[in-house]
Ligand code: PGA
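A lone chain, given as structure tokens: the form predicted alone.
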Amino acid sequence: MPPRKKILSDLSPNMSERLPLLVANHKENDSLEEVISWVDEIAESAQRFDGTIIFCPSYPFLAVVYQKISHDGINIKLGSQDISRFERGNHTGEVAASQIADIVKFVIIGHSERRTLLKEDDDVLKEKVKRAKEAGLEPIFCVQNEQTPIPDNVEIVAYEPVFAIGTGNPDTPENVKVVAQKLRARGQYTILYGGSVSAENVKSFVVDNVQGVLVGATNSLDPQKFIGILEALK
């Protein structure tokens, strides 16, 4: 059998993670039973994936999923959908980066839904990046365009145009390429694209400066749809 043609170099220039990066953001969805079933269903395809799969379920499920993927040796890494801007203390309802640093390696920061619905501004996001790095977590920092401010010490940047999130109307591969070039001119980032990513279009995005995708609920909650994306990137 001839060697597989690689889409990208094996390793991220910034990290030890193998490329491409494939992030599943389940948002505020699923029960514990559904999350465990999801992991079971994608496990076989995950074992054959040469890149890095980062699964971001809701907070209550992180510890159980960590135990499962560790015990079963599943090729999945865990990420959090958010962290507090504060360190541990009297902040009811918040979760500090240091509290989950033993079970997750990544954290999504700056998603447009939190910017819009929860009014997170650049100062809040800068504090979250600081807390993540202090705890040894790798931020996946979301930007809406090439002008979005990016805090210091960010290594993974996810371009997610607002009009493409959950709409079924992704950005064009040509524009994603232009935005990625402009982001790369600002720093040596590992760049992801997010916004209506599917099995049918993912390979058109993961080229040149784009080294992975952030997949939202529409195509990551259904394990078969997510497997389709995973298989398309092999």
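From a predicted model like this one, the values you see are computed outputs, not experimental measurements. Don't overthink the numbering: it's just position in the shown sequence, from 1.
Not pictured, yet referred to below: the form predicted together with 2-phosphoglycolic acid.
- Only one of the listed residues (74, 164, 96, 78) places a non-hydrogen atom within 4.5 angstroms of 2-phosphoglycolic acid in the predicted bound form, and that residue is 164.
- Among residues of the shown chain, residue 68 is not one whose heavy atoms approach 2-phosphoglycolic acid to within 4.5 Å in the predicted bound form.
- Among heavy atoms of residue 195, some come within 4.5 Å of 2-phosphoglycolic acid in the predicted bound form.
- Contact between residue 216 and 2-phosphoglycolic acid in the predicted bound form is found at the 4.5 Å heavy atom cutoff.
- 2-phosphoglycolic acid is not shown here, but in the predicted bound form it comes within 4.5 Å of a heavy atom of residue 27.
- Only one of 106 to 114, 145 to 153, 85 to 93, 121 to 129 places residue heavy atoms within 4.5 angstroms of 2-phosphoglycolic acid in the predicted bound form, namely 106 to 114.
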